[in-house]
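One chain comes next, on its own, written out as structure tokens in the form predicted on its own.
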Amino acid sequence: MVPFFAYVGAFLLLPSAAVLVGAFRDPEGHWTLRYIAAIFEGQYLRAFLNSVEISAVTALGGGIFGFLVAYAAVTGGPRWVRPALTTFSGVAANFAGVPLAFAFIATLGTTGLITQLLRSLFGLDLYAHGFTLFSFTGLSLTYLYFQLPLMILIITPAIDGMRREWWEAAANLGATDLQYWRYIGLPVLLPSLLGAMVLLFGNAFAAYATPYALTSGVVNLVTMQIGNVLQGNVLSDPQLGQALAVGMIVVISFSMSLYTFLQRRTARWLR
């Protein structure tokens, strides 16, 4: 276990401690709350709100549609559908960053393949109707590409834990499908669904490469603000960047704590 703890300490605990200390010290080494207070003002507060909003929207959308797709693949259809879906989901869930941004630009950009097909075949210009890939809506659509398959991978074991005997017992007692899902299915799956959505929220909240490559900072997100103040192209302020990182750590820690709690509630149904 020594190599493992050495790895965790060197690349997780020590950097986190350095960020935490740096957020409360000025360049002269004096303790201050100035940088922490700054993240609750102006563009930095707006960045946190935007990050929370896009994370919540994509977590909810990816969670709902991912669950429906996973349930359809697990409970019905040909046998080859499930392994094909899980294999694709394993690849797509990790296909993010610059390659994903370029893929969407080539597909739904102003000169993208689908954009041109819609113009030539149906006379429909998405960009003339207000849609743009380089906006909050376009970024949310891009996030869903890796959020939905991640949801499929997470929720599939929970769906496998649903015993057919429960449905048969409910049917023998005269319950309809709607009553089964209302009183048995959803109550059992709800902790897993909420826990998976919390994990999707944290996954989207921490994304940096995809929004940076796609929008070049047009959408104000907290990861973009951290990159701006640390790169120093216009304003170099490492302490402010560390304060923003502390805010991210707090949000992610809360999300992971909630996820752990919900997973414990789910574990009793999967035994």
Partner chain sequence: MRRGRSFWGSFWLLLGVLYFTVPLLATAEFSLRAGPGRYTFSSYLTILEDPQFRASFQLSLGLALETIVLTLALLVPTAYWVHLRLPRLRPVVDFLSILPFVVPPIVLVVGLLAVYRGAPEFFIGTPQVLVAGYVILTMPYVYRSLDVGLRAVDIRTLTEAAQSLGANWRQVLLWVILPNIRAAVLSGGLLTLTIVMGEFTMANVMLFYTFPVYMNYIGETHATPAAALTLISFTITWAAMLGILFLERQLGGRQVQIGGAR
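Just so it is clear, the structure is predicted and the values come from calculations on it, not from any experiment. Residue numbers count along the first chain shown, from 1.
We do not show the form predicted together with its partner chain, though everything after this point is about it.
- Distance criterion of 4.5 Å from any heavy atom to its partner chain in the model of the complex singles out 68 from the list 56, 37, 49, 68.
- Proximity of residue 195 to its partner chain in the model of the complex falls outside the 4.5 Å heavy atom cutoff.
- In the model of the complex, residue 145 approaches its partner chain with a heavy atom inside 4.5 Å.
- For the chain shown alone, residue 91 is a contact residue for its partner chain in the model of the complex, at least one non-hydrogen atom being within 4.5 angstroms.
- Shown alone here, residue 76 lies within 4.5 Å of its partner chain in the model of the complex, counting heavy atoms only.
- Of all the residues from 160-184, those having a non-hydrogen atom no more than 4.5 Å from its partner chain in the model of the complex are 162, 163, 164, 167, 177, 180.
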